[in-house]
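The same protein chain appears twice below, in two forms, each given on its own as structure tokens and labelled structure 1 and structure 2.
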Structure 1
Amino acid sequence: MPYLGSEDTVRDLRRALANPHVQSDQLRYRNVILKVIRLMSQGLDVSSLFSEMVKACATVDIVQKKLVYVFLCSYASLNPELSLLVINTLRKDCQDSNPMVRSLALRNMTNLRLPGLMEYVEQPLTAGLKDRAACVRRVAVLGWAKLHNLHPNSEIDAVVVNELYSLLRDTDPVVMVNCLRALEEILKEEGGVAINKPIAHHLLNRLKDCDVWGQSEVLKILQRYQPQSEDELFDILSMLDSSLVSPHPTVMASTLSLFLSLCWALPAVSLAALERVRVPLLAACGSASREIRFTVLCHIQLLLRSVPGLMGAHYKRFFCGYAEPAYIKQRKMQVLVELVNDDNVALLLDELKDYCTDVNTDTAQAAISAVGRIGRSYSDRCLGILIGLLGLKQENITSAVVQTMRDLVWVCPQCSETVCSALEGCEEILQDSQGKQALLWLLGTYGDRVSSAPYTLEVFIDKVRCETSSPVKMELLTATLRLFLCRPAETQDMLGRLLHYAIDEETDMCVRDQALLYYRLLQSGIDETRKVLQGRRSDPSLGVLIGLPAEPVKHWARVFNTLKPLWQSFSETESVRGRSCLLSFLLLIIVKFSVHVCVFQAAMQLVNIQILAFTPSHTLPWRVYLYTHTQAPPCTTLILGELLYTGKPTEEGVTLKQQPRDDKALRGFLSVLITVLHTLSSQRE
């Protein structure tokens, strides 16, 4: 037997297709055609058999017709002239008594996608719209959409559009849904299919007759219809009530999205709808499909932004399973953080503590971060867990714990004493740049409380020539200078050695420029240096504002049941929302007290943040555009930011864009940004 990919194989198939004895035996002829299709699917070029396959389509055998049509549609673009030979056969089949043959011919006629096909296909498609068989009408409706896609510049006859609108009342629900999709494609430039009151109510009444896909399509298109009265609105909501608790997640999500779009002016009704979908959402969380589970978890996070206690009584449903993938575990932990309260905090922390030692590094770090976020409300319990994890002396766990402690002491200054006492020996375990930066920040900020801070920094300074991370070197410069301001006798010598290396030997320009800036700052005097680097700290006796205010449903209703919740980083969103109030307050102080432009720009450059443009003080709205980049391996992350102050609490804050995505870098940027703004504002208060 010839080799599969040789020319002899194609030659033998051509002989078999042209052999009268094979053609007379229907089964043998079909098997030869099947071999051609098999070779085509395996990547062998069998386009040279096009003429023989065109002859083979003239048969009454439906199976053989399907096989030949698959071949013709695959190679029609390579043989446009020969493909026209099969048009007559297809047009003849469109008039066959068998509806299956008619639908098959009509479907493959539009699948040929030939430039001159339109004049041959219009008449069969028009006749297919009025065919007595539903399967033919289904194909004919989609055929017009294919034809429009093939010739987008040509206009579809208004008679055809009217016929498609009339078919919205077809007895077959699939025909009705296909008409919606076809009209959406054909009338795209005009805004899609027009939905008036009779069409909207007809679609709602036929909703239960459609399959899951059809219901989702109908519900999506109905979002563009606005009821003309409140009575009509509640009639529509009543008809949708059963779909709101549908066991199919896609139907339930589409119905809720329609609910939210209709009730944008009725927040009480929207919240009631969110309560109604609690049970279907919890059921979908146990789906066998990982994709559905992840999607549902992402959308639950959206709902919790407006109804924080929606899933509070069912928090155990979000415990992680052993065999679940890491991305689902991490998303579940984010949900668990939102569900913490006084009654379940002990159980949730015990559960998260087990996840902190997961074999998957990302899952373990996410669990430690979740414990830190809970620590903003329950600091004593969480600090005990974090300190216990430091005792394991595992590099990835220690790094995550130190970063979490850094974030925790920023919002909970009363934790600083406990955190400082737990930092002993961490420098020997940390290997990654993020962990080192967190440790250096803590030593620089609270070095007066850590007895071994100068000796720890000296270890880093002695190894600075071997350090490959520029952010670590820059953080080391800042930490050493801060420690020098509070413990000069112990730090003076090492600070001199570090500045000498950074200015004379360092090849990275960012590190060198920062060292020069510090050197010149020291030349201006200790008092000036202290004003720039050491602002007033928060009172450790004060607590923090716990939790976030419930967000109006209309803020996120437009992105519900879309892809945006899946790729949006909710840790990033939480971080931005959680710190927006503090940023607004700091921006108010800066604008009100007219921080000098040079001071503001110099302060930003100290932390490697460059200012692109800004508006003068005393002008509203006040904006400043800035950027920075991180050099953490394996790639560099660019962060662009806009600080906005309008004088209105609902329209101020910070907007960030990032490329590529790096959640850790973004959180670090926010922490540094708030530190700078806090320092400037404290000097102006």
Structure 2
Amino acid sequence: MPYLGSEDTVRDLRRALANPHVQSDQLRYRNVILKVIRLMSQGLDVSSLFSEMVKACATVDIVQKKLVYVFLCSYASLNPELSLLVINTLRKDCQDSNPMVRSLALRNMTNLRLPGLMEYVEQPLTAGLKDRAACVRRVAVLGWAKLHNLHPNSEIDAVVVNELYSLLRDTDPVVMVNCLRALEEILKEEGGVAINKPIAHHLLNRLKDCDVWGQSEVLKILQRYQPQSEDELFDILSMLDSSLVSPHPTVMASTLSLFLSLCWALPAVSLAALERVRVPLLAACGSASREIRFTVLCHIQLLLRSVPGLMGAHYKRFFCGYAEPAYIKQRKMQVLVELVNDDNVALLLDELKDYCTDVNTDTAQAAISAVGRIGRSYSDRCLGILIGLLGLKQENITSAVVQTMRDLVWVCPQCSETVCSALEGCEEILQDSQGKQALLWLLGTYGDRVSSAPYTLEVFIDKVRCETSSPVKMELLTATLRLFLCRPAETQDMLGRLLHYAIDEETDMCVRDQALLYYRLLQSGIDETRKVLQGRRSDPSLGVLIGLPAEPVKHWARVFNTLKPLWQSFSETESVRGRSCLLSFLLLIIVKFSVHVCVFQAAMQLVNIQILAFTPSHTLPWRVYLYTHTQAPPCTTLILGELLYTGKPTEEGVTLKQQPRDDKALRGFLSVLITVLHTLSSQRE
């Protein structure tokens, strides 16, 4: 934070620091230094006081020493020459009789982060490894790691590495764990510290002496160890059993992680371990710290992918608390959706219904889409709730409900009857573009069943000039054309008006192009139009919620106990929504081009690859743009591809883009693509 008059402040401080009266009075001296540090931590640049502070370092007052070191470590890299002055004091302190002073000096010497100081630091560090006080050895061990990272390209000193390996047998558990950490950093290039059988068992035996942090570090490093026999494996597992149910979530999570990596070949054992952590996990769910609660929830979601029934009986633990932050509520609802079964569905929906009218709109929206997800299995109950919510006539709720209904209809076509009867009147309340798009899609697709559909669309068309969102206009075009196909008499006039507006007056290119495309499509005949526009209305294969095969543990074992599960993940509903919207639009683009490529298209669709666009078949080079996405929530990945064909089979090229990254899916996609291309080219010949 820049201060007005900060230069004056610094000047005053410099004067005070240089004042011999202040220097002789320890308390005053310390107070001035305190002021400097306070300004520093507020973000003010006080680096110009460096030389004064260096002088303040030579003192017997440990508090003052510590304060000065805080300063020096922050600014040393800006003043490498002046920092050399400190080294002498530090080296002298390293020989002090007080171990606290020794460890302090050694720690700060290595914290200066000055590559030029290496020659001065090595000797005290070597001595530090053999110091009789454990606190000095702790610092010295990590000091070597710091030194190595300052000179990443320097040769690794084999003597030091050997010394560190031997210090793994140190009596102090923190020294032992620090050795592991230091070796891990120094030997990064070689894959980290080597864990052989004696080391592994030594670490396991010492586990009980370490504190929580040490335990989790050791457990993490042990993941690298492969037991040589099944007997040994089970010995290790039984040793770890008590950590698995530890009341500390940190230890419990690292132990489970180790279990899963040790038992990757024994799925039954992994599943038993998951059962075993249920109790500590649930206990951590009620932790007083809401950040821990959130973390646990995210990890429970991972577990549920493999053992959907794990928490079934404990669904009440996932009811949202009144004062919980929205991010916890949303995760809890995602978990609740997974836990639904015949016994608890009534209670669970009753609870979710309460959240649907939450003051926080995000929470309300999440609750409504959770009800929609449950609706895939229990459609009657959920539709009842959703239709009841429409009665509230509130903008954000109605929008969320309509979107949820659209998603529901896409996977459960049997709901369409009820949904269609509920749509009336929504158009007056909807304000946001997402909600309008959803309503328009429903009206276009099921226009034959909604008696008021033409009137509703007419309202939209009359107001199209005031509409700002182009996706809504595009959806409106599609919906009107679809409705025209099934109810031509009522729609013809407004379709004409809409096309006229979109082609003549609209400034957005996408909307105008789409209107032009429809216009030409209509010119080519009604059958042609029907073929293009009346695509699928639903995709029930996406809708299976219960009875999904459980995912193997190894799919997620690697991300367990990392930051990844805590990132905002896209829920599956969103991918479905994206797809249903895209579909009507995508198909349109394809029609622009000749029928000749129908074979190609059909073949691609068989393997669930959608084609975005391609150049006419007689032109060379010939390009195809395609996309697909994997459906393994929550790691849905979208792949966009460009196929280039120059006439010679050897020069066919594929360029792919993917979001988010998932190498396995990419490889799978490529192999499928190559198979299809081979089949096609053999046919062509």
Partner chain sequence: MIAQVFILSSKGDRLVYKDFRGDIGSDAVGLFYDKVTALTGDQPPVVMTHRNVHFVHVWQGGLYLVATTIAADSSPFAIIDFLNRLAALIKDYCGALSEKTVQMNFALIYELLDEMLDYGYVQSTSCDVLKNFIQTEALSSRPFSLLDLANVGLFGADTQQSKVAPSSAATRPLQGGKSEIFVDVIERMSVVMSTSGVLMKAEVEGEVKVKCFLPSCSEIRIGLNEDLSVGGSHLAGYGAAVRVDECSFHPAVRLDDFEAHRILRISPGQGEQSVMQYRLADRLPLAPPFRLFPAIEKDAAGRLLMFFKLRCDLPPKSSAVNVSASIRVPNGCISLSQELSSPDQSAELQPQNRAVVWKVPRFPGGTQLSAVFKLDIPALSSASMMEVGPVCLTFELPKVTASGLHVRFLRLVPTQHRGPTQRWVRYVTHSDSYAIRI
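For clarity, a rigid core is taken as the largest C-alpha set superposing within 1.5 Å between two forms. FYI, numbering is relative to structure 1, first residue = 1. On a predicted model such as this, the values are computed, not experimentally measured, just so you know.
Two copies of the same chain, shown separately. Which of them is the form predicted on its own? If we ask which form is the one predicted on its own, the answer is structure 1.
Using a rigid core superposition, assess whether residue 73 undergoes a CA shift of 2 Å or more between structure 1 and structure 2. After core superposition, the displacement of the residue 73 C-alpha between structure 1 and structure 2 reaches the 2 Å mark, so yes.
Quick one: once the rigid core is lined up, does residue 494 have its C-alpha move by 2 Å or more between structure 1 and structure 2? False for residue 494: its C-alpha shift is below 2 Å.
Did residue 83 shift 2 Å or more between structure 1 and structure 2, C-alpha, core superposed: Yes; residue 83 is a residue whose C-alpha shifts (by 2 Å or more) between structure 1 and structure 2 when the cores are overlaid.
By how many angstrom is the Cα of residue 54 displaced between structure 1 and structure 2 when the rigid core is overlaid? Here the C-alpha difference is 3.6 Å.
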